[in-house]
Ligand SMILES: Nc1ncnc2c1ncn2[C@@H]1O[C@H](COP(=O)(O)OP(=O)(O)OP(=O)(O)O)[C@@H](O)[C@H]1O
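Quick heads-up: it's one chain on its own, the form predicted alone, in structure tokens.
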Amino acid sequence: MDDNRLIDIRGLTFAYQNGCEVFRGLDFSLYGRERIGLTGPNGAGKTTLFHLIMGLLKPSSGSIEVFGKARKTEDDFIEVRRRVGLLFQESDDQLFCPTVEEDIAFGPLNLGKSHDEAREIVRETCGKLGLGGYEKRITHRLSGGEKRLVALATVMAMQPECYLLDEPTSGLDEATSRRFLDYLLAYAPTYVIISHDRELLSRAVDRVYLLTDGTLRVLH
């Protein structure tokens, strides 16, 4: 596989237990320093694709290679989850610690950072995303938009090599969305964004794929 190809999917098929087929022979590649938008109708499988890449779901057939290695078993995906940052569609799926700083520090601590290093990462990440002063806030008491921004911070704090961002600006006001976009363009060279926001995609990505009827095609 090309050394610069971070994700390579070939002939992917997947169906849910109720028999609903999502993919039949899907191919997709993501290269280093590539910024991709992914759009399509609800239920087309955009979130499912992310979950397959992260090993949260298992394909019926086909191959998934990430960082040049075939990923089949749960053990295979441990490295993937350390190096690829996934933002879930629902913020509450991402946030499970009592306070904002604990949620943001969780990933860095799991990556082996010291508590002092994790505190510094929390401080820097909050500063860059406009969350300074939120560190001691109780997570479940935040507004939907605030939770969304903290969820983004938990992903950014891990400094992944690649980001999979599922509706990242959902629930954010215009100013906060702009702050997130500025951060993304400055610090995240490689990512895939699921979004229906045409303005966001026009500013954030180099190419947009449409996912429909189980296949991908380039829009522009």
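Throughout, we count residues from 1 along the sequence that is shown. Here the structure is a predicted model, which is why all the values come from computation and not from measurement.
Absent from the display: the form predicted together with the named molecule. The rest refers to it.
Undergrad: Is H196 part of the interface with the named molecule in the predicted complex - any heavy atom within 4.5 Å?
TA: Result yes; H196 sits at the interface with the named molecule in the predicted complex.
Undergrad: So, in the predicted complex, is Q89 in contact with the named molecule at a 4.5 angstroms heavy atom limit?
TA: The answer is yes: Q89 has a heavy atom within 4.5 Å of the named molecule.
Undergrad: With a cut-off of 4.5 Å between heavy atoms, is E167 one of the residues that contacts the named molecule in the predicted complex?
TA: Contact check for E167: yes, within 4.5 Å of the named molecule in the predicted complex.
Undergrad: Taking 4.5 angstroms as the cut-off for heavy atoms, does V22 touch the named molecule in the predicted complex?
TA: Taking the distances in the predicted complex, the answer for V22 is yes, it comes within 4.5 Å of the named molecule.
Undergrad: State the residue from A44, A188, L172, L30 whose non-hydrogen atoms include one within 4.5 Å of the named molecule in the predicted complex.
TA: That would be A44.
Undergrad: Hey, of 46 to 54, 60 to 68, 153 to 161, 174 to 182, which bit sits against the named molecule in the predicted complex at 4.5 Å between non-hydrogen atoms?
TA: The contacting stretch here is 46 to 54.
Undergrad: Though the partner is not shown here, which residues of 64 to 83 have a heavy atom within 4.5 Å of the named molecule in the predicted complex?
TA: Not one residue comes within 4.5 Å of the partner.
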